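Just one chain is shown here, as structure tokens, and it is the form predicted alone.
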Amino acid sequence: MTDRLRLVTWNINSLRLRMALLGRVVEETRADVVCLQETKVDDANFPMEAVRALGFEHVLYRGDKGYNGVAILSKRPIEPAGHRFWGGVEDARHISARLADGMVVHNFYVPAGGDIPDPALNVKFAHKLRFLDDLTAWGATVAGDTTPRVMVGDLNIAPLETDVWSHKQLLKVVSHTPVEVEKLARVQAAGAWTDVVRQVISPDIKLYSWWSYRARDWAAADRGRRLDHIWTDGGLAPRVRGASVLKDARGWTQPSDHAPVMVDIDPA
């Protein structure tokens, strides 16, 4: 029987800059699989040697020079399960891997969407909405698949009122606007996804994974948002036994503005 799988997702905000912090995350979580977003490194310069030194012999990555970028690091054997372009833009925002037990992990970095929540005035927001529409269409094609599947990443949307520090004040702020929340709900419904972090941690509890660099004292203000998510198919959801956000990582030296999110999944 395969041991329990510990999976971590983290927007690292530059892999090469925060390699030491990745090592600390790996040491503290003892993760089997780590999905990274915003690696900000092109494929030719991916730090494979340093990643393997952390115990990850199986690595998949897709990068853009200086921005975007996704990677899946695994201590267990994996094989490529494909990638796609979303929202009409050919960039490195998706990669997927298949584990030996057949489980497929999809790692996403959804566009942030800029500052103005109006697609007519903001091309970045328009791209984000198209990206979500594509995810909805794709979800409908995988919803009936019996393959165990996981969808993780920086989805750049905080859907619940308890996923933001102030629901009322953020209704017109990109990441918590009604149109984004509605479209993310459509993505989830189309793919028959279960938000397993909120399955473990009650939706009544305030929970964040991102705190702005702009805050003078982020911990004291605690004005966070839950932008980073782990979803599974309905059949896999009952096997999820734990979930947490490594909030302390936000306070480390030269941190990412995101904290790692972790789940444990029992074997079949």
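These numbers were taken from a predicted model, which means no experiment stands behind them. When you see a residue number, it is the position in the sequence shown, counting from 1.
Just so it is clear, the following notes concern the form predicted together with the DNA, a form of the same protein that is not shown.
Residues with any non-hydrogen atom within 4.5 angstroms of the DNA in the model of the complex fall in just one of 235 to 243, 48 to 56, 195 to 203, 208 to 216: 208 to 216. Although the partner is absent here, residue 16 is a contact residue: one of its heavy atoms lies within 4.5 angstroms of the DNA in the model of the complex.
Residue contact check for residue 30: none of its heavy atoms lie within 4.5 Å of the DNA in the model of the complex. The DNA is not shown here, and in the model of the complex it never comes within 4.5 Å of any heavy atom of residue 176.
Mapping the unseen interface onto this chain, residue 93 counts among the residues with a heavy atom inside 4.5 Å of the DNA in the model of the complex. With respect to the DNA in the model of the complex, the three residues 65, 124 and 254 uniformly fall within 4.5 angstroms at the level of their nearest heavy atom. Between the DNA and the residues 104, 112, 160, 129, the one pair within 4.5 Å by heavy atoms in the model of the complex involves 112. Although the DNA is not shown here, in the model of the complex the stretch 29 to 51 places heavy atoms of 38, 40 within 4.5 Å of it, in sequence order.
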